[in-house]
Ligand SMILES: NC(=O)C1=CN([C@@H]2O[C@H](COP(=O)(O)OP(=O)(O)OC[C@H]3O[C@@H](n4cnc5c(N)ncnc54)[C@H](OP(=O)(O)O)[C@@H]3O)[C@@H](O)[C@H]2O)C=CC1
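One chain comes next, on its own, written out as structure tokens in the form predicted on its own.
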Amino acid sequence: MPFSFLAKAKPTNNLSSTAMALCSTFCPRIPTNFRVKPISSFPSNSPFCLSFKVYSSQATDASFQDKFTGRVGFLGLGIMGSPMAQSLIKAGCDVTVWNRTKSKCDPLISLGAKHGSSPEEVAANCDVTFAMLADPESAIDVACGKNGAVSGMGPGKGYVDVSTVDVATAKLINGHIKATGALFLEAPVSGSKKPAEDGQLIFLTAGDRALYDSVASLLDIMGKSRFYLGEVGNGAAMKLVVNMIMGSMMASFSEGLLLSKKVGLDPNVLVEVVSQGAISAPMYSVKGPSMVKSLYPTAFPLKHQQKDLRLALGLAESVSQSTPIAAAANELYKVAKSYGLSDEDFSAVIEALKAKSHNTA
């Protein structure tokens, strides 16, 4: 089976790089309104018995694709969905929004968005509908439930699910959407509240390549880079692996902060040392100072981090991959939830370690 690498990153003043991600080259017949001009490809040899192509671009959007001019729906206006939809509105897009709690739509309506009374109504009135929901259950209900988006989909439309869900959920929603004749793209994001506000998210997409190409300019409004990973399920899998690593990193960082203080070191200095070394990560320098002060302003809720660890562990079990570090981290986040920290930032996991220390002292 042939495969391809595709990715596109926004050019910056300081850094330019070509990102690549695995995807299928199989391309079924597509509606004419989703067709775009193909971008150039470069052959690449592989050590495996597979055929590869590499796609990359350092050019601006206008050089290879038109700006999306259709009507855009956005379902789910939580900590991530609201700033993402706001970016689209401020960029001049024709946006219709929906949220279970209608009051969350009001700030966006004041910026020029229309309001849909249900996911079905939004999907019926829009060319492309985005969905950002909290968990697999919500994603399925909004897409496939009563008055769900599926009921408003049809040929010539597209559904882009940017929620973080498991592979099975992504494939389930894809099946329902495709049955209507519409196109489907999963596009979970790497990034939290601030990147969403700043349009600096990373999109991990998979599904209909035609829809990916069609909404690329919209993804670029909301994000700094995007990867096309091929078949539906690959986006969900990539996001779960990323968040599994992140959750484990935060748990280990928490241990380090507490240990440094316990042996008489200044944890603030530890944050500085870490930020200048080989293990430097923005997460440490951004969250470390607040963690030292026992402050956890929510950018990514702890309950969502634990949910993603749980889903990642399920993914690992499905392919018989041992993940003992992630499993241990998951238990720690579960303890933090039991202490009422679900809605705090995931960095509040350090409180679970503090409690363990007190209990064993």
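Predicted, not measured: the structure shown is a model, and the values here were computed from it. Sequential numbering from 1, following the sequence displayed.
The same protein also exists as the form predicted in complex with this ligand; that form is not shown, yet it is the one meant from here on.
Put simply, Phe68 is far from this ligand in the predicted complex: not one heavy atom of it is within 4.5 Å. Looking at Thr101, you'd find a heavy atom of it within 4.5 angstroms of this ligand in the predicted complex. Although the partner is absent from this view, Tyr296 stays clear of this ligand in the predicted complex, with no non-hydrogen atom inside 4.5 angstroms.
Put simply, Cys144 is far from this ligand in the predicted complex: not one heavy atom of it is within 4.5 Å. Taking the partner from elsewhere, no residue among Ile173, Arg209 and Asn234 has a non-hydrogen atom within 4.5 angstroms of this ligand in the predicted complex. Contact with this ligand in the predicted complex, defined as any heavy atom within 4.5 Å, is confined among 144-152, 120-128, 251-259, 72-80 to 72-80.
Shown without its partner, this chain lists Ala134, Ile109, Val241, Ala168 as candidates; in the predicted complex, only Ala134 has a non-hydrogen atom within 4.5 angstroms of this ligand. Of the listed positions (Ala216, Val189, Ile89, Val271), a single one reaches within 4.5 angstroms of this ligand by any non-hydrogen atom in the predicted complex, namely Val189.
Although this ligand is not shown here, in the predicted complex the stretch 202-222 places no heavy atom of any residue within 4.5 Å of it.
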